[in-house]
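The chain below stands alone, shown as structure tokens; this is the form predicted alone.
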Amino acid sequence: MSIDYVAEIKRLKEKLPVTVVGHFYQRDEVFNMADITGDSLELARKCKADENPWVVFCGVGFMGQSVKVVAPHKRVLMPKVACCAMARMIDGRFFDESVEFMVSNGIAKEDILPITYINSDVSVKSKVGEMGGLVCTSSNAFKIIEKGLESGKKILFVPDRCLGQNFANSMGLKSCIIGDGSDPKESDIICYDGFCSVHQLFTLDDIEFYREKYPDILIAVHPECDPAIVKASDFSGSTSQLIKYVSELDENQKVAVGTEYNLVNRMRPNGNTFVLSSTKPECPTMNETTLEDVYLALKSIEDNKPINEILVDEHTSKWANIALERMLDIK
């Protein structure tokens, strides 16, 4: 007999002391089952404030880790322990090698301030915290980098080169990418060579296509896009900032948005919002989670046999939380 997953999920949510959480990039049927929705840091903060002891987090691994770090008393399960491709591009060893690269190029370790994008593994956040660094999001990176530069240190920005470059450009700073042959001593921000595969799909040809087809169209993109794309756009902002920007436009204003497909598809149902791509920019790992997976995670709580639980050791959690708190302390 087939299972009505929607009905079963609703039954289990009513029965259990659990909150189902869904990131903006989740597929619609999963997103619609969530009690709390948002982007990564926003979700972690909402989970911390939530009263339920159990969290079923529909997203990717680093997001579940963030909840566990800021709310260690919570039991955090993930229906699918999907891993953000960008987050997988750097681990503790690669972080140490990046620091060593800067040291070997004449920058003393004590003169390095690491900043990690929240889209990173908890082990990287922990190492950043131990070095006196902090976390940032795409919505507050400008403010975090600006504050970090007050230290007089070189910024090591991991893992997203595009985010680091875009904010350097917006601040009139010089940046380089580890491995591009540049002398890091000549740059203010030294970027790790990581990227978001989804946001690399958007091209200048896509922008040109829409500008030719709709001369008055606006182009809005995420700062994980290549710097050339951001430069050619009318607006660049985080997931939440993109949602706000589009929602405040006149309903007749056409806009093409360069970010994940599921989010763009839900923005405005009036036919004037387009995906800035000739292909479907769908995050494969965000779309791994299905209704069946959500049901199985909830059922495992009911059966007292929790699956896919996120666990973080005390040392790693301590320093990752310090890196996050340093960010939150900057107003």
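Note that the structure is a prediction, hence the values are computed from the model and not measured. The numbering used is simple: start at 1 and walk along the sequence shown.
Just so you know, the form predicted together with a small molecule exists too; it's not on screen, but the next bit is about it.
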Which one of these stretches, 267 to 275, 296 to 304, 33 to 41, 66 to 74, sits within 4.5 Å of the small molecule in the predicted bound form when only heavy atoms are counted? 33 to 41
Exactly one residue in Ser236, Ser138, Ser126, Asn166 has a non-hydrogen atom within 4.5 Å of the small molecule in the predicted bound form; which is it? Ser138
Could you spot which one of Lys154, His199, Lys254, Lys80 gets a heavy atom to within 4.5 Å of the small molecule in the predicted bound form? His199
So in the predicted bound form, does any heavy atom of Asp121 sit within 4.5 Å of the small molecule? no
Using a 4.5 Å heavy atom cut-off, state whether Tyr117 contacts the small molecule in the predicted bound form. yes
Arg161: heavy atom within 4.5 Å of the small molecule in the predicted bound form? no
Trp319 versus the small molecule, in the predicted bound form: is there a non-hydrogen atom within 4.5 Å? no
